[in-house]
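One chain comes next, on its own, written out as structure tokens in the form predicted on its own.
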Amino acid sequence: MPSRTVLPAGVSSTSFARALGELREVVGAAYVLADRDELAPYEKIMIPAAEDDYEPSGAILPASVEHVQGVLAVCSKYKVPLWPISTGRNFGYGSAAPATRGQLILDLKRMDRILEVDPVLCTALVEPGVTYQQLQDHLKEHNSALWLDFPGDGPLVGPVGNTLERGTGSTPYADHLAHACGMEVVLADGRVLRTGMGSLPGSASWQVFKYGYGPYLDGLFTQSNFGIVTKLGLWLMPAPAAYRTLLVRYWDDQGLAAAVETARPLRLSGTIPNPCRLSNATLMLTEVMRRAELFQGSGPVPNDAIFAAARQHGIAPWNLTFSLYGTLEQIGPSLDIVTRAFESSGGEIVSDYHDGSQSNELNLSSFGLLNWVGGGGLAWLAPVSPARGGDAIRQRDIARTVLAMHGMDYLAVPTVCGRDLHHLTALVFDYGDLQARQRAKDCLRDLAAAFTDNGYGLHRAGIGLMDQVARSYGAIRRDVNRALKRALDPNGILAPGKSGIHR
């Protein structure tokens, strides 16, 4: 088998070979990967960049906290950088690849125990390798009346990795970090920190009260490179007695503003308990057809062609979905309130709509958008704005303008979370077409800059955008992050460049 030639920055081939030898003694030779064919699963990045720019130097698969501590000791000794992943399926943001070339992947998928599920307090404690599919199967096996909240790629990913990226879902528990409670973190020097109530020896309240005593630390270990999370507490949603999912169609492109203005007060009052997701016509068309069936010309598909094709499939320019949960007696009055509100704003209501993501149903429907162009290229942008109709229209226009400059289509899911709106935007392209990949790369950079220049900061970034997004938040923010990094990881071995944080 050919040997991997990529070395960590500043590490000689001799030192790296010695490090790999010692790592094999820690986790076992079968769980230290350094050959090219073994590393292929870690190199499919999907984002518009060359895979060679993000090649890892190897991968190591620990099975316990003690293994992680041993790995850290060896890597600290030889100054080998580690890129921790849970399931490695951060699709559209770089998947399993590290932020900089030559890092050693610390793949935590063997740490896949569901340590505890409390059906009374509705909590769970899991390791990073646990997937949503695995946890849901466990709940079903034990006839548990608890729901999970899934991201769009739910069966393949896990709650630890998604929560640490501050991912979101579709039910009332959609803010995953807000519904996490208690972390176990291995620090760079091998010490094990339990946050919140977990720092108390023999604590009986680790998964039920977030804060403990003193500073609240959990946020430090999300979107950062300050430690390795090896356990995470989750709050699970009690299964409702009933639910009703609604679709509201706005047949005017400007209806986006009316939809946002109507949804916001209903979200803030709690009448609608989950995020209100607005899918544009192009995104919904990806479920029923391919781009080439609709348009063969250059540049983005014209809006008139999009809207005409969408209407044939009962798809409006903007399609809002949300759910009502509770007993039938609770749902009835709420249904009357939301029906009046959305119909008054020009929306057309479909009152018995199916959307499995809002009802504890795992599926991979979100990957349908890859069929629009084909070729497996995907990158997400996640700019945040106030939940105002004017801001949503402004973001729409920014996105359309920049995307059109690069010949790309506007596929978006603006979502009213509460006071905030996340204008999630997808770039899909043929990864194997070098020109298409370069266009997407330029577009991604320009679109991120256009959003931030207009005051719409990104709340999440892929490996190709991390430094750019970090710079947009200013020098003081970067200085504070750097100070934390130096205090907690003085050798700088944990995920260099993660979220634009450098030593």
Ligand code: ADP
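One-based numbering along the sequence shown. Note that the structure is predicted; figures quoted are calculated from it, not measured.
The form predicted together with adenosine-5'-diphosphate (ADP) is left out here; the points below concern that form.
- This chain lacks the partner; the member of 128, 233, 196, 255 within 4.5 angstroms of adenosine-5'-diphosphate (ADP) in the predicted bound form by a non-hydrogen atom is 128.
- Of the listed positions (275, 88, 414, 167), a single one reaches within 4.5 angstroms of adenosine-5'-diphosphate (ADP) by any non-hydrogen atom in the predicted bound form, namely 88.
- Contact check for residue 162: a non-hydrogen atom falls within 4.5 Å of adenosine-5'-diphosphate (ADP) in the predicted bound form.
- Within this chain, residue 206 is remote from the site of adenosine-5'-diphosphate (ADP) in the predicted bound form, having no heavy atom within 4.5 Å.
- The shortest heavy atom separation between residue 182 and adenosine-5'-diphosphate (ADP) in the predicted bound form exceeds 4.5 Å.
- Interface membership of residue 347, defined by any non-hydrogen atom within 4.5 Å of adenosine-5'-diphosphate (ADP) in the predicted bound form, is ruled out.
- Contact check for 83, 157 and 228: all three have a heavy atom within 4.5 Å of adenosine-5'-diphosphate (ADP) in the predicted bound form.
- Only one of 89 to 97, 372 to 380, 304 to 312, 72 to 80 lies within 4.5 Å of adenosine-5'-diphosphate (ADP) in the predicted bound form by heavy atoms, and it is 89 to 97.
- In this stretch, 485 to 503, the one residue having a heavy atom within 4.5 Å of adenosine-5'-diphosphate (ADP) in the predicted bound form is 498; the partner itself is omitted from this view.
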